[in-house]
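Just one chain is shown here, as structure tokens, and it is the form predicted on its own.
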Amino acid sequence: MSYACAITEDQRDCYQELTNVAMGRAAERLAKLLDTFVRLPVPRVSMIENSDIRMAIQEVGQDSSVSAVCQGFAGSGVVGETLLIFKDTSFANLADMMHYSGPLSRQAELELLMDTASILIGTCIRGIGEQLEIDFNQSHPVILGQHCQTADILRSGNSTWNSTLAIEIHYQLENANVECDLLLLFTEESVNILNKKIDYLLD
């Protein structure tokens, strides 16, 4: 079923502001854990067609070896998926900052990835949900790949989505070679529900 939807400039600004608050909470948790400052650019909010989703994901980790984890969420008719893409060059510094002892094995990197995903994804989704009064349930995280190109981790799970609200958040630690991208993808049907809540806030 197709759900024609779009977002106005005012709605886009509101999505950005909601995301700013949520990502700020996530960054604060990460900063306290690592005892460092987390730089936060303005999140990018856009409506993209299904055919452009793969391109958008590939651009995030372009020319880099990455590891990635995804996690679905749903609540009050709103359905979406988060995708955390972590640059592999970040693992050594991240392990250092977390005072990780022992060899940095593939399993150790996986644990670091899951710990980071738990903080960034969980806190961000809860933050957006609280502001919109939506109680999101989250599925179990799924590892999409380790030490690979983004083209290798893409899946066809979004093929039934005609149009998607995409919010891209780039996290980077100050004075450390640690960076990752968090993508929030909402189904087209969800956007209509979210827009109504956004319009209520704007009024």
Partner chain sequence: MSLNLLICDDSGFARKQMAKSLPPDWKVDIHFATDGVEGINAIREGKGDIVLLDLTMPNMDGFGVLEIIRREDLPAMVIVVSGDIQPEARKRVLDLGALAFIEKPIDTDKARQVLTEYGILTGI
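Positions refer to the first chain, counted from 1. Here the structure is a predicted model, which is why all the values come from computation and not from measurement.
What follows is about the form predicted together with the partner chain, which we do not show.
Of the heavy atoms in Gln149, none are within 4.5 Å of the partner chain in the predicted complex. Residue contact with the partner chain in the predicted complex: Ala31 places a heavy atom within 4.5 Å of it. None of the heavy atoms of Ile193 is located within 4.5 Å of the partner chain in the predicted complex. Among heavy atoms of Ser65, none comes within 4.5 Å of the partner chain in the predicted complex. Distance criterion of 4.5 Å from any heavy atom to the partner chain in the predicted complex singles out Val38 from the list Val38, Val45, Leu144, Ile53. Three-residue candidate spot Asp115, Arg126 and Ala176; no residue lies within 4.5 angstroms of the partner chain in the predicted complex by any non-hydrogen atom. Although the partner chain is not shown here, in the predicted complex the stretch 98 to 124 places no heavy atom of any residue within 4.5 Å of it.
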